[in-house]
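Single chain ahead, written as structure tokens, the form predicted alone.
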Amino acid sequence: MPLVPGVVSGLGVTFKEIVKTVTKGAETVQYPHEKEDPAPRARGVIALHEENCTACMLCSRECPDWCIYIEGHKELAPPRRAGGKPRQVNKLDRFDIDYGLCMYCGICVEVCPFEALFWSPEYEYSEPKIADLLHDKTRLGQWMETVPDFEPYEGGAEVKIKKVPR
């Protein structure tokens, strides 16, 4: 009967936890009535800083879930120097993220060379219909208000400074 000591040991641990819960009280947060602050650098929703996006589509190409949809067009911009030729720049028409497909890996945020995508710790954006989880550039831009300021890295960490534009 080697099974009996294991069962008794397991019941002993369970009994100790019950006694601890009864004496100290439960550590459960009664969501949605009580809300905890998310951890620093928590991954909630992806925010878009539209002015920095050049519609290079690098985030869309690197996304393993193919949940980012981008459309853009080219426009003529004034030359950088006097006497130069007008240059072509990409303008963003559509930038959508389908959070029904997204697995929150963060590859899009990491590969963006123009610092247009940021993590917001906001996690309350559920929808009654799954089709409403497709957020357009306007809605993604609203999440920029919840993006926290940059926190310094810990000692010995690789320094790659990413500033949040305000």
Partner chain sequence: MTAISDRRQLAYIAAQAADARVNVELEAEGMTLNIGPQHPATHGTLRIVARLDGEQVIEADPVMGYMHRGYEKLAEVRTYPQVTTLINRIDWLGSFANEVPFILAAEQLMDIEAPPRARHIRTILFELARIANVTLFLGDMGVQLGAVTPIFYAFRDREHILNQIESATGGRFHPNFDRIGGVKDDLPAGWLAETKQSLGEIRKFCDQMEDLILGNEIFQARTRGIGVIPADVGLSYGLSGANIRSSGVDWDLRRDGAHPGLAYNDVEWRVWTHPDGDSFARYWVRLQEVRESCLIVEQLLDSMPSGPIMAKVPRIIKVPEGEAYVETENPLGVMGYYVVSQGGLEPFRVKIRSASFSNMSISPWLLKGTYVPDVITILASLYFILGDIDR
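Numbering follows the first chain given and starts at 1. Heads up, when I say rigid core I mean the largest set of C-alphas that superpose within 1.5 Å between the two forms. Everything numeric in this text was worked out from a predicted model, so none of it was measured.
There is another form of the same protein, the form predicted in complex with the partner chain; it is not shown, and what comes next is about it.
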is_contact(residue 39, the partner chain) in the predicted bound form, heavy atom dist at most 4.5 Å: yes
Distance check, residue 146 to the partner chain in the predicted bound form, heavy atom within 4.5 Å: no
Close approach of residue 61 to the partner chain in the predicted bound form, 4.5 Å, heavy atom: yes
In the predicted bound form, residue 66 touching the partner chain (heavy atom, 4.5 Å): yes
All of 71, 83 and 137 within 4.5 Å of the partner chain in the predicted bound form, heavy atom check: no
The partner chain in the predicted bound form - contacting residues of 136 to 157, heavy atom within 4.5 Å: 151, 152, 153, 154, 155, 156, 157
Rigid core superposed: residue 146 CA moves 2 Å or more between this form and the one not shown: no
